[in-house]
Structures are given as structure tokens and as C-alpha cells.
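In what follows, one protein chain appears twice in different forms, each by itself as C-alpha cells: structure 1 and structure 2.
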Structure 1
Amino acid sequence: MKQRYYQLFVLILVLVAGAAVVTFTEGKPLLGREIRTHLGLDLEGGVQALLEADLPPDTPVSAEAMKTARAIVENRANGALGVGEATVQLAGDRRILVELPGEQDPEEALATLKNTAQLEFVDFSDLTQQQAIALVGQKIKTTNSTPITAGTPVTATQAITPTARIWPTVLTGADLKDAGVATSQLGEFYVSLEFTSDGAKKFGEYTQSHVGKVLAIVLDSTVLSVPTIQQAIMDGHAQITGNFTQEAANQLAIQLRYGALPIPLKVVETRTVGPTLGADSLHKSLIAGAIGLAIVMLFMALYYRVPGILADLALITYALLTFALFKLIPVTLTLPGIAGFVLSIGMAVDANVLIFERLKEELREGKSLHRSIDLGWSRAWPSIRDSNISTLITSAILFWFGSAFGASIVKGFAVTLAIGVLVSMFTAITATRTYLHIVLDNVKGSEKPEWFGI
């Protein structure tokens, strides 16, 4: 039996050492990615915005369209803007709540998020290069963006006034798989395109029959570029060139890569949170947490003596493991999230209190210390289990509520509380019990009652 607890003790030491490394690693690569504390909007500052479907109030918006729009906005926020802790949630039937911690340029960020980015490859094959260049930057109508009715001319005409005709669309953004930025041998920036299998087939067939012709690239009905097809492109890879700066090429790639929104969005409310307020809130939260933890640890040591000191060690184990999980998952810490973490510390202490009170009762009845530890744990476990399961159920309900109604602060509280409770169950079941056996198995409780507060 003792061998088992020594093995568990070694395992716990390994976990604690690993958790300590993760906890005290900040902004450095570890396990293949950068490890750092992810702070929410209220602590780091940033931008909070409410986006709404830019459609008449009497126009219905399907739930599926809103879910798709939310997913695309989230992809743009996390991938395009590099805000790994962005919170994007549905808020009602027609609105999306977006929080961008650390974002410094709200106008550019929101423009990227709400841009519909409707990409089209349009047939300009009847135009010369000079005629096509004259249309760059102008709005045009296409067969993809304009409803076609009987008798509407879509074939080539001599008129090249943008509004005088409807231009044939060859491919759309739906045929695009990926877009990125690269540089040529001359150091010029261009946007590289990769098409889907269906898109590559259509693109290959078109370019094969239109070598030497102009194919316009149109974004949101505006002619962006008018490259000439130099050769048939059968492998599904193409390039957009045209005197791009790195910033312009990256912006275009972002818009193309993260797709077209199924519905237009507008910003109905925006709020910028300064980093000074967040830093002050974080500083005060850390002070409050440190004071609370110190008082709890002091109480445990004074009231339960040696078991209390071991419980404090288990509490440190709990804190390291929990915070390491926050950084590894990662969990975005907000003020409510920190509150959930602090509350879970109370749950961890509560489990130890139940175990130690049962331990003292068994010692008073004259049982051996080893036997009292096992009985104290086994008899306290049903209460620990039920209270923690109840808290986990509550956390799940809060998480669902926060997700359904766009209440990110409720969601953050639920996540940190649930993780904390799960870790506290581990420390109560394994860590505290192991520490007790390792230190006290060779001590006679009847000879040292003062060690246990009896």
C-alpha cells in the first residue's frame, strides 16, 4: 500500500513540475506554440462591437445564416486580425457580439469583420487590356450579383460603360479554397490563390480556351485587377498581381481567405476599453486573490495543524495545475473568470475540510492514523462528489446561457469554475490523500493529538 502512495507522489511531483513550467512561462514557445496568459477585454483593453444584419426590419434572417455569419466573423477575428482570444457570440436573432482584446485599431478591425467580400472572376475576354484597365476601381454588374431576367443581354457588346451591361461571372469566392501573400523574384507582392477541386476544373477549362484574354477579378462589385491569361492553368493555383504593397496584398488575402458573409452586417454599437483600466482591474484582482488565498492557508494551518499544512500544499498543487490548464487550453481570463477561479479555490478547501473533520472523528474513536485517513476520505467522498457534481451542472447551465444570449462574462465565469472544480476533485481524491499518507503513515495519532487539532 505504501509503495502505491509513493508512486502517486512521484506522479504528482511530475505534474506539479510540468504545471510550474507552464505557469511561469510567458510569451515563449513551449509544446510547439507560444504559451502566455490570455486576458479578456476587461483586463487587456480592446474593442467591443455589436454587429447587426444590415437588412430591412421586415426581412427575415434565418438562424442558419446568422450561425454561418458568426463562424466567418470568428474566423476573421482569430485568423485575420490575429486576436486569438476574440469572443464572437450570437446576441438575439439578428445581432452578433464581438470582443477583440488588445485590438488597437477599431475602425480597421470592424471593417475587416463586416466586409461581405464577394469575390468574382468575370469574363472580360472581349476587351483589350487598355479597355479593361479603364474599368479598374469602378463598380460593375455581373451575372452573379445581378438577377438575370429574360432578354437581359449578357454577351459582349461594344459598350464598356460599367452600368451599360451585365458581365458574365466565371467563378465566385465559393470556388476558392485558400488565399495567401507571397513575393516574386523581383520582390513584388502578390496574392496566391488555390481553388477547390470543382473550381480548379472550371478555372482550367476557362483559361484553356481564353489564353491571351482578360479575366477580371472583382471584389464586392468593384473591379480590382484585370490580369491577362498567359497560359492554361490546370493545377488550381493562380496569382493576383498588380503593384500591391504588403499591407494591401495581406488585406485582400484576408478578405478572400475568410469567405463571403451570407448577409451584410453593420455596426450598431462600439466601445473601446483602455488598457489602463484593464491593468488596474487585474492588479486589484491579483491582490485580492493573494490576500484571500493567504488567509485561507493560514486558517487551515492553524486549525488543522499538520493536515492543514498538507492541505495548503495540496492547494498550491491545485493552483498550479489549474492555471497551467488555463494557459494550455487556452482560457481567456476576464474578471468574472477570475471570480470563478477564486470560487473554485473555496470548493477545493471545502473538500479538505470535510476530509479532515472526518479524520478527527475517527482519531477520537481511537482508530489508527492510517485507518483514520482512509475512513475519513471514504466517508467524506459522497458529500464532496455530490457538491462538485451540482456545481458542474450549474456551470453547464451558465455556459449554455452565456452562449445562447451572448453573455460572455457569464460564459467565462462558468468555464473557469468548471475547470477549477474538476481539478479540485483530483487534488481532493489524489493529492491530499497521498500527502497525508506519505507524511503521517509512521506517526501515531494518539501520541500526537496536538498535531491534528484534537
Structure 2
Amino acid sequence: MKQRYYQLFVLILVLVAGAAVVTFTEGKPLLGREIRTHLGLDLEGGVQALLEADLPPDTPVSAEAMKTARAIVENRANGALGVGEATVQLAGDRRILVELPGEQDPEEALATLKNTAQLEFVDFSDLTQQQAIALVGQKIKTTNSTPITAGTPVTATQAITPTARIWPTVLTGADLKDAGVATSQLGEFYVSLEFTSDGAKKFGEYTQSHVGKVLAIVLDSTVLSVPTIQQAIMDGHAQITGNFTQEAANQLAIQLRYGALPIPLKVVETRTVGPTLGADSLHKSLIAGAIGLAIVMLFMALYYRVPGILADLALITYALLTFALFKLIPVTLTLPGIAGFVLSIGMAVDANVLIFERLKEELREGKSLHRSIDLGWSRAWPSIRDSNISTLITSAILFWFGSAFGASIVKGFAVTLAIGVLVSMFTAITATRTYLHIVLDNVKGSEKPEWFGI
């Protein structure tokens, strides 16, 4: 029995040492991954946006399309915006939550994210080169951008002016595999395109049957250039030329690479927190947390004496373990998250209070100290278990609620509360008990009843 407590004590020491290493490692790699504190937007400042599929509410949105859209938005956020740390998550069936920490200019960032850069290759084969050039820079309608309602004969519109006509789309950005920038021998910048195998096949077939005709490259409904097909292009590579500066070519390539969204998105919610407000909140809540913890520890020590001091030690163990877990998992710390953590300190203490009250009761009834300790723990256990399970149930429901709406603050709170409850079950129950047995074994006179607040 005794030996078990020493084994446990060693285990706890190892855990605490590990947790301390994790807690005090900041921004450095540890065991192959970078360990650092992840701060939420409310503490660091940044932009959070909720994007929603811009379709009528009763139109079903396929999960596959949402997944693709999420991946594209993530690419744009990390690649094109260069935020680097953007998180992009699905929230519910038709929404995407985007978080851009540290982003200062939300309006511009969102414009970039939402920009669809819809690339199309459009059949201009019945136009002469001259007629086609006249259309460069104009907005046109294509079969891809205009939904064709049943019964509308597409050919009937051909006689009308070119801008009112609906042009047949040959390929879209979806057939594109990659886009990059290159320079020609004359030093002009152009955008090189590589099609998917499917796209290459379509492109090859089309160019083969339309040699000498005009093929328009259309970006977001605007005619960009009107090259004439010189020969069949079978290898799936093409170029967009047109007096680009390096920057313009680069931008176009990025837009093409991060592609067309499978479904249109609109911004339904944005939250911007300035960096000053975030830093201020972080500073204040940390101070508040420290003061709260100090008062609680003082109270426990004064009221419960020796066990109280040991519970305080367990509380420090608790704080270290929890914080290390936050960094390892990682859990993004938000203001309500810190509040949840502080609240879970209260609950961690509650377990000890429950046990110590039982311990005192047993001592008053004249039982021996070791017997009272065992009884105190075993009798307090059902209350601790049931009450903590009900808190975990609440956390789970909060988490679900938070995920469905992209309300990441609610989610952060739920996660920190749940982790807090789980860790506190270990520290308040196992750690405190181990500490108590070790002290009773090794410190003379520690078993006097007055040290137990009686």
C-alpha cells in the first residue's frame, strides 16, 4: 500500500516535470513539433468571418462541395494572403469559419478570400480575330456563368449584340491543375497553365477541331485575351499572354491556382478585434486569474491547514498539467476560455473541499487518521463523479452549439472547461491523496488533529 503512493508520487513528479518543460517552452520545437501558446482572436486581434453558401436556403449543398470550398479558402488565406496561421473550418452544413489572427485590414482580406477568379475558355469560333479583339476588356455572358433555364433556346440569342449573347464555355478553372508565371524570350511575363488529365483531353480535342479559330480566355466574365488556335495542343499546357507586369502575372496565377470555388460564398458574419484591445484583455485576464488563484490558495491553507496546503500543491500541479495540455493539443486560448479555466479551478477545489469535509467528519467520529483519509476519499467520490459528469455533459452541448455556428468563443470555453474538469479529477483526487500520505509518512507530528482544521 505504502509503496503504491511512492510509485504514484514518482509518476506525478514525472508528469509535472514534463508539463513544466512544455509550459516554459515557447515557440521552440519539442519532440518534432512547435510548442507555443495559441491565442484566440479576442486576445491577439484579427479577423473572424463566417462564409455561407450563397444559394437559396432550400437548395441542398453537397458536403463534398463544401469540403472543396473550405480547402480553397484555406489555400487562399494561407497562400495568397500570407497570414500563415489562418484556420478555416466547416461550421454546420453550409458555412465556413475563417479566422485570420493578426490581420489588420479585414475588408481587403475578405475581398481576396471571396474573390472567385472564375476562369473560362470560351468558344469565339464564329468571330474573326478583329471582332474578337474588340471584345477584350468587355463583360460577356457564358453558358457557364449564366444558368440556362429550361426552354430558352441558346442559339436564338446569337443574332443579338455580342455582350447580350450567351457564349459557349469550353473549359473552366476546374479543369486547371496548376498555374505559374514564366518569361518569354523577349522578357515578357506570361501565365503558364497546366490542365488536369481530363482537362487536357477536352482541351486537346477542342483545339484539334478548331485550328485557326479564336478561343477567348475569360476571367470573372471579363474577356482577358483572344488568342487564335495555331495548332492542336495535346500535352495539356497553355499560356496566357498579354502585356503583364510581373506583379500582375503573379496575381493572376495565384488567383487561378487557388481556383474557382465550387459554390458561391457570401460573408454573413465578421468580427474584427483590434490588436490593442486584444493585448489589453490578455494582460488583464491573466492578472485577474493570478489574483483569483492566490486568494483561493490562501483560503484553502487557512481553513484546512495541512490538507489545504497539499490541495494548493495539487492546484499548482493542476494548473501546470492543464496549461501544458492546452499547448500540446493545442487549445486556442480565448477570453471565455480563460474564464472557463478559472472556473474549473473552482471546481478542482470543490473536489478537495468535498473530500476534506468528509475527512473531518470521520475524524470527529473518532476514527483513526489513515482510516478517515480512506473513508473521506471513498465517500466523497460519488458526489465528485456525478457532479463532474453533469459538467461534462454541459461542456459537450456547449461544444456542439459552438461548432454548429462557428461561435469559436463558445467552443473554446467548452473545451477548456472539459479539460479542466478531467484534469482536476486526477489532481484533486489522486495527487492530493498521494501528497497527504507522503507527508504523513515523513513529517513527524503531522498527524495531529489540529493540523486538519479540527
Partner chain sequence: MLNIVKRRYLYFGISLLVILPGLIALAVWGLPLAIDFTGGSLLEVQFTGTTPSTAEIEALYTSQGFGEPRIQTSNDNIAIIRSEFLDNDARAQLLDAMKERFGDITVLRFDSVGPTVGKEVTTRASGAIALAALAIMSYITWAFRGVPHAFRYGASAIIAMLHDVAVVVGMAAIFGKVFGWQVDSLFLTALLTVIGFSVHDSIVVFDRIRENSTIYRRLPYETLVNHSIVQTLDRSINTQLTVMFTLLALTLFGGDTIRHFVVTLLIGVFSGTYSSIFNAAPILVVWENKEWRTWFKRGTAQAAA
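The first residue in the sequence of structure 1 is number 1, and each one after it adds one. Each form is matched to the other, and the largest set of C-alpha atoms that superpose within 1.5 Å is called the rigid core. Quick caveat, the model's predicted, so the values are computed rather than measured.
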Here are two forms of the same chain; which is the form predicted in complex with its partner chain?
2
C-alpha of Glu44 off by 2 Å or more between structures 1 and 2 on rigid core
no
After a core superposition, would you say Asp126 shifts its C-alpha by at least 2 Å between structures 1 and 2?
yes
How about Leu359 - superposed on the rigid core, does its CA move between structures 1 and 2 by 2 Å or more?
no
Once the two forms are fitted on their rigid core, how many angstrom does the CA of Ala53 move between structures 1 and 2?
3.1
Give me the C-alpha shift of Gly92 between structures 1 and 2, core superposed, in Å.
7.1
